[in-house]
Structure formats: C-alpha cells, structure tokens
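Given as structure tokens, the chain that follows is alone and in the form predicted alone.
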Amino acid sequence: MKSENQLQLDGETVWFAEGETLLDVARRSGREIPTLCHDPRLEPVGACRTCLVEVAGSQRLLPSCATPAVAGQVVVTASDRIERYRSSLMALYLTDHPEAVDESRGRDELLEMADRWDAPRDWGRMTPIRSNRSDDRNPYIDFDASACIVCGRCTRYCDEVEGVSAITLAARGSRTTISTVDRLSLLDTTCELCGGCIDTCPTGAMAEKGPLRLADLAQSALSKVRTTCNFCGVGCQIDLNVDPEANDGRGRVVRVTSPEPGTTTNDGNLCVKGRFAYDFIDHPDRLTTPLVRGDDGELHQASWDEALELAARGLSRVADAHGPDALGFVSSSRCTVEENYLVQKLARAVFHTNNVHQCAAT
C-alpha cells in the first residue's frame, strides 16, 4: 500500500485503496454512516443525502458514497452538525412516509434510522400524491407508492445489474414515482421478475405479494436458514425465511431472501425461480411417496424398495431387448453433486452407456 494513500478519519490516520470512496473507507474502519440510496452493486448517486460527512476545505457537507478518497483529506463522520442535519433530514422524509412498519413488507430502514437519530415526528404530514401500482396483475411484485422515497435503487438495479430497464422514475417533483412505460403491467414489459427491486428497496415500497397475503406475518418472528438454491447448477446462496409455528410446529417457508451483497458468490442476486418458486414445498399436489402403475393402468402408492425394483427391471428389459444405447439417463440440478455422480456411474458402470446428461451441465 502506498504511504501517500492515507487520510485523516475522525482524527485517525487510515489507508485507502485506489478507487475507494469515503464511505468505503469509513465502513471498513468501523464508522457508522447511514445510507438509503446506496447499494454496493450500483454506481453511487448521492441522492438520499443521509451519508453526508464533513471534509476540511469544503463549506458544504459531502456525500461519502460519491466522494472519492484523496490523500491528505481530513474527514469527520460524526459531529453535532452532522447529527442535527441527519435528524432534520429524517424528519423531512417522514412527512410523507407511513408512520408504522408493515412487517409483512420487510424492513423499513428509514423508520429505523429515524429512531436511531431521534428525528422529530411532529413536523406535520403531507397528503400522499404519488400514484400507486397495487393493481399490477403480475403474481410476485407489489409496489406501495406511499412507502417510496424515490431513492432510485430499484430502477438502477433493473438497469445496471439486470440490464432490462423495465421500471423507471416517472412524473416530476413531489409526484415522482416508480412506473413502467405507459403504466403497463410488469408482465407486459422486459421485466424478468427476478425480484431484485424488492431485495434492494430500503423501505418495503417494493415487496413480495406472497407474504402480503399471510395475515399477521411478523418479520421478527421468522427464522432464517441459509441454503443453496437447487434450481440450476450456479449454486446461488439463499436464505429461507421460515415461520416456525406454521404447519403445527413443523414450520413453513414464507419468503426467500438473498444474503447481503458481497458475502456470497451470487452477490445477493437471484432469478425468478430462486426468489419466488418455493410454494412447491408445502403444495398439496407434491408427491410424498413413490407411485407405480398397476395392472389396472392406475397409479398406486408403493414403498421405495418396490418402486426401485420395478424401475430396475424396466431398465434391464430395455437394455436386453435393444442394447444399452437405447437407454438415456437425465439427472437434475436439484440433486447434490454426489447424487449426480451416482447417476453417471449407474449409466456407465452398470448399463454401459454414455447417454447421460445433467440439466446444469456447462
């Protein structure tokens, strides 16, 4: 590290790497700087103004998320001036924001910050004027304009990470809101329904429709289980949000969320299947026991031993009659690596065919 890549942060000499911002340096040094519009996956825009800090030589407070670290800077991240500013800023945000947290929509970081900086709650209330999108017929994503602070994280994520630009900032001034071209449903746009807008939204304005249909769902009552998505071979890490009291105490997955950006290989990103396709877990049509077709042509429940023996006889009968290459084995990305290995051993070592494939093969 070059000796000249140093600055003064709250009276302490700290180093920084080329290209880092003051927010990067401060957070790595353990300083608490709030942000609402910032997401490490996105280019900084300094729109929410919650991360302002004092920099010697500047008359104005500067947004730490968008201010590059420069050698010799003298930076203050906490002072009476900054505290007063943040408290007033939060109070202004609250004038047209819901006063209570709807836990079924997820966290509201603005309300948490308002409590942290003791923001005044008596500055009056504005009449909500932003148009809502609760009538969108898409099955997964709900938008509540009253909770939106127009930070632009969702639209920037859609553009910079997903590259589909399905949503945008529409209207002007205090009427600015999140919309689609001609107010079309997300189903009629380029939207891939990945749910990244939900993941990056700091206030719950973007939320998943599924949990909203569950009465009295409290985020604080859910437990999180880290696991690997098994819909393809990428191996994205996901957090299953489980209601432990559901299903007579057996638990029920009510939401899938992604880990913090930068902590896993998928960087907090998920696709439509990884984020929303979990209803199969408790679906009434899910098979819980093997079925075999009887002489009457109908499917009947059977034990695993009976089902495996019947399958083995059928495979052997085809191989004996038409040769091993008449068989083909297709495994699933929803199997473990070890299970997929056993499938290819079954094909090659037992039935002597190379006709084996796995849907996540690359």
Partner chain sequence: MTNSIGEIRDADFLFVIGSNTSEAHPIIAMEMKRAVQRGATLVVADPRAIWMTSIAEMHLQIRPGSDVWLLNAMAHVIIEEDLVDRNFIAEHTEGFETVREAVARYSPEAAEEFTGVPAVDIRWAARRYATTEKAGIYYTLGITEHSHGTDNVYALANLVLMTGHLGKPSAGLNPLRGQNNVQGANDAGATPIFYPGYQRVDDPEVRAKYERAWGTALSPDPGMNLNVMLKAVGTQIRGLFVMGEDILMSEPNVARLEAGMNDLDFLVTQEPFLNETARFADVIFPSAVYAEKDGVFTNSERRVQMVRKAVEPPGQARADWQILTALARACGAAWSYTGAAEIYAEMAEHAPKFAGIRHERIEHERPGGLSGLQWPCPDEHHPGTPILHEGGVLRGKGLFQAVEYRPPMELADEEYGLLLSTGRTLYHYNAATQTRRETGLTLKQPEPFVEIHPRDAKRRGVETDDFVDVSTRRGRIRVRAIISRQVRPGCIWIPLHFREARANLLTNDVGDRVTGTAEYKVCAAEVEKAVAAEAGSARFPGSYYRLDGPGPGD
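Everything numeric here is computed off the predicted structure, so don't read it as measured data. Numbering follows the first chain given and starts at 1.
Omitted from view is the form predicted in complex with the partner chain, to which the following refers.
Residues placing heavy atoms within 4.5 Å of the partner chain in the model of the complex fall in a single listed stretch, namely 272 to 280, out of 118 to 126, 98 to 106, 198 to 206, 272 to 280. Asn266 is the sole member of Gln73, Asn266, Thr257, Ser179 with a non-hydrogen atom lying within 4.5 angstroms of the partner chain in the model of the complex. The listed set Ser174, Ser88, Ser146, Thr227 contains one residue whose heavy atoms approach the partner chain in the model of the complex to within 4.5 Å, identified as Thr227. Looking at Asp325, you'd find a heavy atom of it within 4.5 angstroms of the partner chain in the model of the complex. Mapping the unseen interface onto this chain, Cys191 counts among the residues with a heavy atom inside 4.5 Å of the partner chain in the model of the complex. In the model of the complex, none of the heavy atoms of Ala17 sits within 4.5 Å of a heavy atom of the partner chain. Taking the partner from elsewhere, Ala307 is found to have a heavy atom lying within 4.5 Å of the partner chain in the model of the complex. Contact residues in stretch 278 to 313 (any heavy atom within 4.5 Å of the partner chain, taken in the model of the complex) are Tyr278, Asp279, Phe280, Ile281, His283, Asp285, Arg286, Leu287, Thr288, Thr289, Pro290, Leu291, Val292, Arg293, Leu299, Trp304, Ala307, Leu308, Leu310, Ala311, Ala312.
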